[in-house]
Ligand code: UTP
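We begin with a single chain expressed as structure tokens, specifically the form predicted alone.
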Amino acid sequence: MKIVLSLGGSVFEGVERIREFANVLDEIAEENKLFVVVGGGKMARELIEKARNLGANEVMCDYLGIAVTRINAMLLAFAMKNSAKRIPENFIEAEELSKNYKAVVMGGTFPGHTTDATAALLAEFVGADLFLNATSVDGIYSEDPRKNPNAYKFEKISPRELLMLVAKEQAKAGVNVVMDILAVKILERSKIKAVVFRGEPENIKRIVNGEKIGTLVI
């Protein structure tokens, strides 16, 4: 099976945390072709804020964020046994590396694209069988469950329904949505099966082994 995983930058705030993910991803890569797209996390947010204060425009800030994601990708790749140690800068390089390695880890590619959007585009490009979106919540809800404890969790949702939900939430100021609009649109047109779940190492393994957790987008 060919798998693309979108992994947030919060993973990279501790060595042991990185090692936990690396061990599980190595195990998954033994029997599957694995691509991982990582985010910038706290370091990216802090550096981008400094850059803004120094007069950088948003495209410059995006490039700064992309650089941080590639540093994080290097950390994860170094911790893995089955990953290429070179970090691709685009999808063509990623696919070429995958011919010789069981796993490929990369960061951002282009300004304006979130980690989720980049991962969804990569999934479409390589013809992935499964797109995994590791988040801070355990699935997709009708509203932010951290703000509304009565929010309804979807066991299954279509890309069209998810697009409507994300568009509604993104219209609210300061909201943190579970997936951005571009990523959902890519999933809709590519028809790649996706799972949104809480980003813990054991959860990744559970999904790949066929267990039903999180929210299935299909």
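All residue numbers refer to positions in the sequence shown, first residue = 1. All values reported here derive from a predicted model rather than from experimental measurement.
What comes next is about the form predicted in complex with the named molecule, which is not displayed.
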query: In the predicted complex, segment of 122 to 130, 74 to 82, 105 to 113, 143 to 151 with a heavy atom within 4.5 Å of the named molecule; finding: 105 to 113
query: Option touching the named molecule, based on a heavy atom within 4.5 Å in the predicted complex, out of I192, I66, L163, A51; finding: I66
query: In the predicted complex, the one of K156, R45, K185, K168 near the named molecule [non-hydrogen atom within 4.5 angstroms]; finding: R45
query: D26 within 4.5 Å of the named molecule in the predicted complex, heavy atoms; finding: no
query: is_contact(P201, the named molecule) in the predicted complex, heavy atom dist at most 4.5 Å; finding: no
query: The named molecule in the predicted complex - contacting residues of 22 to 44, heavy atom within 4.5 Å; finding: G39, G40, G41, A44
